[in-house]
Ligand SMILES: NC(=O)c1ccc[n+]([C@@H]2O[C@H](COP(=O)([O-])OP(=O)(O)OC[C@H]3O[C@@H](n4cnc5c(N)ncnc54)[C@H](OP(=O)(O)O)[C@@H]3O)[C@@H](O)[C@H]2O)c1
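What follows is one chain in structure tokens, specifically the form predicted alone.
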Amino acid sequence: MDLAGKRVLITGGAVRVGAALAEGFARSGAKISIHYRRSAEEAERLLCTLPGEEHDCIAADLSDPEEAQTLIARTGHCIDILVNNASYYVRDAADAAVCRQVNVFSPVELMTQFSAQEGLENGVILNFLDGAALRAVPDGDFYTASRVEFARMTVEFARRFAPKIRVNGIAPGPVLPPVWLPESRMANISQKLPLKHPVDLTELVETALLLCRAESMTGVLLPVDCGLHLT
């Protein structure tokens, strides 16, 4: 698939990995719709730096089912490529329901909306997972459980939507440290990976572009995690 001229909706697209994805798709000639929850200033700033034209941004709280249900319609575009990148990392059992809503229910709702668009041809969905979810025996924490569930849904929707829509998943390992994690601890975590270094952000973006371009790939869960899924 040639990405030039395609409309790409990236959830959580204003900062961090999402922003790098927006830049990568824009460099490939795509038109970007950046979804954000609270990062309005970052989204507007990113819009000013993206190459190409006709980019825009849209706000929605994916922890709210009603906002998720209207997101694609509110873009005002026929979306060619949906990138479910937004996620919620839960650290407290009290937030488990929000975690599952953001990490599973809302992206599933977006996939359903995406498939129902009139005039959609050769659609692509790319779901961001987590290398930890592809382990032979995943951890039992709420966040990883949500990523495991979403991985299963990715494969199920690939079967359900073929041949009209391709659905793939990409499972990163440690790329950028969370805002609450010190750089030193991030370095320690990276040293425990088989390849002993964090995931290269450029390589992650290039792999995402490949999964969207490759018309022979669907139902793929591809770890880009420096071997995290092996541990």
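Residue indices: 1-based, along the sequence shown. Small disclaimer: the values here were computed from a predicted structure and weren't measured.
Absent from the display: the form predicted in complex with this ligand. The rest refers to it.
Colleague: Using a 4.5 Å heavy atom cut-off, which stretch among 73-81, 155-163, 116-124, 142-150 contacts this ligand in the predicted complex?
Modeller: That would be 142-150.
Colleague: Indicate whether Ser190 is a 4.5 Å heavy atom neighbour of this ligand in the predicted complex.
Modeller: Answer no; every heavy atom of Ser190 is more than 4.5 Å from this ligand in the predicted complex.
Colleague: Determine whether any heavy atom of His55 comes within 4.5 Å of a heavy atom of this ligand in the predicted complex, and answer yes or no.
Modeller: Because no heavy atom of His55 falls inside 4.5 Å of this ligand in the predicted complex, the answer is no.
Colleague: Does at least one non-hydrogen atom of Val15 fall within 4.5 angstroms of this ligand in the predicted complex?
Modeller: Yes, Val15 sits close enough to this ligand in the predicted complex that at least one of its heavy atoms falls within 4.5 Å.
Colleague: Can you work out whether Val175 and this ligand are in contact in the predicted complex, taking contact to mean some heavy atom pair no more than 4.5 Å apart?
Modeller: Within the cut-off, so yes.
Colleague: For the stretch 29-44, return the residues whose heavy atoms include at least one within 4.5 Å of this ligand in the predicted complex, in the order they occur.
Modeller: Going through 29-44 in order - heavy atoms within 4.5 Å of this ligand in the predicted complex - the hits are His35, Tyr36, Arg37, Arg38, Ser39.
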